[in-house]
Ligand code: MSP
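A lone chain, given as structure tokens: the form predicted on its own.
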Amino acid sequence: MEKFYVTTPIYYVNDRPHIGHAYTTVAADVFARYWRVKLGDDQVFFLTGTDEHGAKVAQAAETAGEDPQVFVDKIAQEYMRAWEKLNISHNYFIRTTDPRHTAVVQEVLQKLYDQGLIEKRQYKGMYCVGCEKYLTSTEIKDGKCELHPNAELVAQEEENYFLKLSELAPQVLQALENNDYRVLPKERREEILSRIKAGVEDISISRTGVSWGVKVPWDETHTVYVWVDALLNYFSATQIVKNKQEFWAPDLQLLAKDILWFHGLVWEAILIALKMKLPKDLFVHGFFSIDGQKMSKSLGNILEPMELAERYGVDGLRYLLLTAFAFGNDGDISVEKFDVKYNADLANGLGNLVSRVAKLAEDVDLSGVAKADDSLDARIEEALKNYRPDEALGVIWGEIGALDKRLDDDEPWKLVGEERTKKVLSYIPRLRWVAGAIRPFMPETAAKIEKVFAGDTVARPEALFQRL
């Protein structure tokens, strides 16, 4: 691997960032930070941003009594502030209202139209405002959208431009079966394979009743369907940002399972039609539930990442998110569960260990300490290559636990003289290794531990994690 291009989905700005957005973005940040260390800063491109067009955004702006552009400007700033607070190291934050992105979208659509892959038709069907799409019969259960069961579907009939997805689907299927691109975990790959094999219909790529969006270049009475507009951000960013064209195609695209259809089929179909390289890996993670219930505004159980960062610290929250459950699965979280894990793993675990060793080494000369054994690095790299940050942290915390146990077994505080010094010095390389190993996951904590043990003498540590 010579370069690494990682993306998050661009987040829809009809509302503020929530814990699910933070989860995906923190995971992407870990992968970006890890590969910067391995490959160099200039060899990694990490993209995130906001999806700012469509009917839901226009409705949210109207409800707020604001012009759509004013509304999206405010929400985009909230995302930017959230990612700054969570120490997200993205290289670029793209916004779909950027005229440079708009120009790329229109150029791509024109190419597809000129190839005869887009045609105008009359469309009649059931539309889900929550998904911002017309639903197929398989996506409707008991007259409702599977993903938005509390919302009424809208019967609509209008003139649309359609992408001939049915013509492109066999090529997508072949690419997926040949591993020209991968969908992970395997159950998500099976899901998208099954849906493609069941039959693919052509899809609408324009609307006439939505003015807030990119205009279809050959017919400005139509607005580009928000999903097509949004998917193209991954390409447009490489055209907008200087010297990033060589990063195409993405090595890793992170997304939640509710948008797999667009990313696993529609996206690849467009790229195949344009004769462009496909993304290497799509990794699809699951959903959070909160105390056993689906996260929703109506239930009032939305967890705000900024509030959690205040409670646990930024690195504390990053750790708790990444270790809540296996990356790729659904999982249930709660503040109570986070509190228990925070105290056990961070305050009483890593934080207490650093404090104990630092106190023992206060008067010890560290200048001759040997380099730490890095035999565990291969296991961490394997976990991250398999997109399992939770497993990588498990390796590190296994070492922290072993070091803590060894400290209790050795009881170096009972020793004196050279024997005590030798024993205390034996812990320093391992803690230096821990500091380096956690850097992609918990960068501020890593820097603090390095500061304590980096010199010839121990620097007095600050408390890494206050007990709750």
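Residue positions are given as counts along the sequence shown, with the first one as 1. In this text, all values refer to a predicted model and were calculated from it rather than measured experimentally.
If you look for the form predicted in complex with the named molecule, you will not find it shown, but the lines that follow are about it.
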| query | According to a 4.5 angstroms non-hydrogen atom cut-off, is residue 448 in contact with the named molecule in the predicted complex? | reply | no
| query | Might residue 10 be said to contact the named molecule in the predicted complex, defining contact as any heavy atom within 4.5 Å? | reply | yes
| query | Taking heavy atoms and a 4.5 Å cut-off, does residue 230 contact the named molecule in the predicted complex? | reply | yes
| request: Report whether the minimum heavy atom distance between residue 287 and the named molecule in the predicted complex is within 4.5 Å. | output: yes
| query | in the predicted complex, which of the listed residues (258, 382, 177, 339) lies with a heavy atom within 4.5 Å of the named molecule? | reply | 258
| task | Choose one stretch from 100-108, 359-367, 390-398, 278-286: the one whose residues place a heavy atom within 4.5 angstroms of the named molecule in the predicted complex. | result | 278-286
| note | In sequence order, the residues of 12-27 that place a heavy atom within 4.5 Å of the named molecule in the predicted complex are 12, 18, 20, 21, 23, 24
